[in-house]
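Next comes just one chain, in structure tokens: the form predicted alone.
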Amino acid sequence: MRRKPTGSFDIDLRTSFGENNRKELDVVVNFPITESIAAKVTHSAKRNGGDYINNITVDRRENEEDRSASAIALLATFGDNLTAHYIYDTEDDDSDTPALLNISTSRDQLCIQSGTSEETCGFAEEVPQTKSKVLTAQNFSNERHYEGDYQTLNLNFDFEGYEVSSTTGTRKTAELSNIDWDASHVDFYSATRQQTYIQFSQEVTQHKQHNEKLAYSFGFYYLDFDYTLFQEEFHVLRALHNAGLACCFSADDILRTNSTQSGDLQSIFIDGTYQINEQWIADAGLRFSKR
């Protein structure tokens, strides 16, 4: 799937079917655009198959998979001195948040301090609350969505005796997920999380084979990123309060977390290798980075 375009027309196709209505598809298409430009298109998809766990609280199937990923790659060759390789990737994932099984017991400290009923915490230690490893009692939403877009451009060319490689990349992701941390049929601890990430990076490396024994490389790297997170945690404060681990929170309190991070990194580096003899190579490098 990650190989460069071949420049000739060909199609690779794989599909499979399985239990629980499982479907998988992978397809790769290579084709030439011009004599100097080749292209490749890929697509991968997975559907269903994971929902072998039943939820006895809200009457739903769990662990269903629903994801797809596509990419297009272009490879251009201009004479003997320049090649350009561009890749665009995109993915979309609506798979369920994985189901959890409640294996708490009546002797767990949180259950003791909170006065939770035997129905929630009291059962045999060797099996989950539902007495089955394919049944869950979770009551919170299992919806999840993830999407990402990624671009990479790699240039390779010769410049006054140096082999120059330039790599430019961008990444953008967004995710929304609901998580039922307690895995029981009551709202002990659940959370909703939203996060985004944006990144830009640039690296340029110059390599020179000085003679048969000595070679060296030098270059720079730059990174810029932004990250945001918003999270709501439900009922955990009430559980902590009932357990005597916190105070001054009402039963309806919700813990909200907002986090924003951004930054950049600049780095320069140099590396050299020296062929001492047929058995030994000396390698030394130095990098300086600043944020």
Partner chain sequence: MTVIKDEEIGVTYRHDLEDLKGLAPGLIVDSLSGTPQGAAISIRGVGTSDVNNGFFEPGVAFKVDGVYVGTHASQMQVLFDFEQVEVARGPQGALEGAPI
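C-alpha atoms forming the largest set that superposes within 1.5 Å between two forms make up the rigid core. Residue numbers count along the first chain shown, from 1. On a predicted model such as this, the values are computed, not experimentally measured, just so you know.
Same protein, other form: the form predicted in complex with its partner chain, not shown, and the subject of what follows.
Its partner chain in the predicted bound form comes within 4.5 Å of no heavy atom belonging to Ile281. Contact annotation for Leu75: none of its heavy atoms lies within 4.5 Å of its partner chain in the predicted bound form. Its partner chain in the predicted bound form is approached by His43, whose closest heavy atom lies within 4.5 angstroms of it. Put simply, Ala174 is close to its partner chain in the predicted bound form: some heavy atom of it is within 4.5 Å. Within 4.5 Å of its partner chain in the predicted bound form, a heavy atom is found for every one of Tyr150, Asn154 and Tyr227. With the partner omitted from this view, the residue of Asn178, Thr83, Gln195, Thr90 that lies near its partner chain in the predicted bound form is Gln195 [heavy atom within 4.5 Å].
Core-aligned CA deviation for Phe9 between this form and the one not shown: less than 2 Å.
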